[in-house]
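To begin, one chain is listed below as C-alpha cells, in the form predicted on its own.
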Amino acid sequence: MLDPLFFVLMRNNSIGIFDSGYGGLTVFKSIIPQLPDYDYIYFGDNARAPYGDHSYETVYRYTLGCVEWLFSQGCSLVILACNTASAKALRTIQQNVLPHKYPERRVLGVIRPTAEVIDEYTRSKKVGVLGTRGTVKSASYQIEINKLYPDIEVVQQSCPMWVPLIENNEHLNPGADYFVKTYLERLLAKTTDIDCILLACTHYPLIIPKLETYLPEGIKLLSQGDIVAGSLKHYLDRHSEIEARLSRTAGQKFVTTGDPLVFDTLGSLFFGSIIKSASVSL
C-alpha cells in the first residue's frame, strides 16, 4: 500500500525517474545537487528486472507501462535512467505514443545526452563502452555517437556478471576482481589507443574503485550521472513551457514493483543515503 502522504505529492507535477531496478538511483543522486528544488518520483520495476536480456517488444511494453503510471501521477516529464529502456523503448515511445496520446508530456533518455558530449573526453577518437548484453547488442551508443561524430571509433564489451555482483553487494570483494579485470582486458584488446571508457550501465559507478585498480594510466572513466543531470538542467532552461509546470517542494518519493524492504536496503547503496519506498502494482 502507498503511504497516504504519497498522494499529496502525486497531485504535484513531479519529475519522474524510471529504471528497471536500482541503477537509475545513481543518476537521481547526480540530478539532485544540480536541480534540488523540484519534486521527484523514482520508479523501480524491480519485480521484472533485469531488462537486459529481454526482447525489444518486452522492454518496450514494460517501459511504457511504467511511464504511463508516472504520467498518471501527474509527471509531465519522465527520465528513462536506464540504458536498456533508453536503447529499446525510448524512440518508439517518443515517436509513436507521445504525439497521439500524451502530446504535452515528454520522455527523455540517457544515451543521447552522453553521445552529445563524448567528443569532449577523447583526443584519440577511440572510445570504449562497457554495458549490459542488451545495451551492447542494441549498438545504441555506436549509432548515436557516430551520428554526431563519425570520426570517433566506438568499441564495446558486455559485462554480464557485473550487475549480479553489484546487486548482491559483492562488487568490492576480492572475488569480483576476476570479472572486472577480464571484461576490461577484453575491451582494451579490441583496439589500440582507447583514451575514454563510458560506463553504459547506471550500476557501474559502484564498481569504479575496482576498475581504477586495473585501468591503464591515461584512460578516463566516464559515468553518466553528472552528464544526464547537466543535460536535464539545460533542457529545462530551453523548454520553459515544461519547466513552468513542475512543482518545487524538494519532495522525493520512491516506489518499486518489488519488495520495498529489499529495495530500500540495496537502493540506499546506490543512492548514497537512506531511502524509504512504497510498493506499487501494474
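Nothing here was measured: the structure is a model prediction, and the numbers come from that model. Counting begins at 1, following the sequence as shown.
The same protein also has a form predicted together with a small molecule, omitted here; what follows describes it.
>> Using a 4.5 Å heavy atom cut-off, which of 80-88, 147-155, 178-186, 101-109 contacts the small molecule in the model of the complex?
In response: Checking each option against the 4.5 Å cut-off leaves 80-88.
> Out of Thr132, Thr122, Ser140, Thr114, which one falls within 4.5 Å of the small molecule in the model of the complex, going by heavy atoms?
Replying inline: The residue in contact is Thr132.
>> Give me the residue from Ile118, Leu206, Val136, Val163 that has a heavy atom within 4.5 Å of the small molecule in the model of the complex.
In response: When the small molecule is considered in the model of the complex, the option within 4.5 Å is Val163.
>> When the contact criterion is heavy atoms within 4.5 Å, does Pro50 count as touching the small molecule in the model of the complex?
In response: Judged by the heavy-atom cut-off of 4.5 Å, Pro50 is in contact with the small molecule in the model of the complex.
> Does the small molecule come within 4.5 Å of any heavy atom of Cys75 in the model of the complex?
Replying inline: Close contact is absent here: in the model of the complex, Cys75 is far from the small molecule, nothing within 4.5 Å, heavy atoms only.
> Is there a non-hydrogen atom of Val127 within 4.5 angstroms of a non-hydrogen atom of the small molecule in the model of the complex?
Replying inline: Answer no; every heavy atom of Val127 is more than 4.5 Å from the small molecule in the model of the complex.
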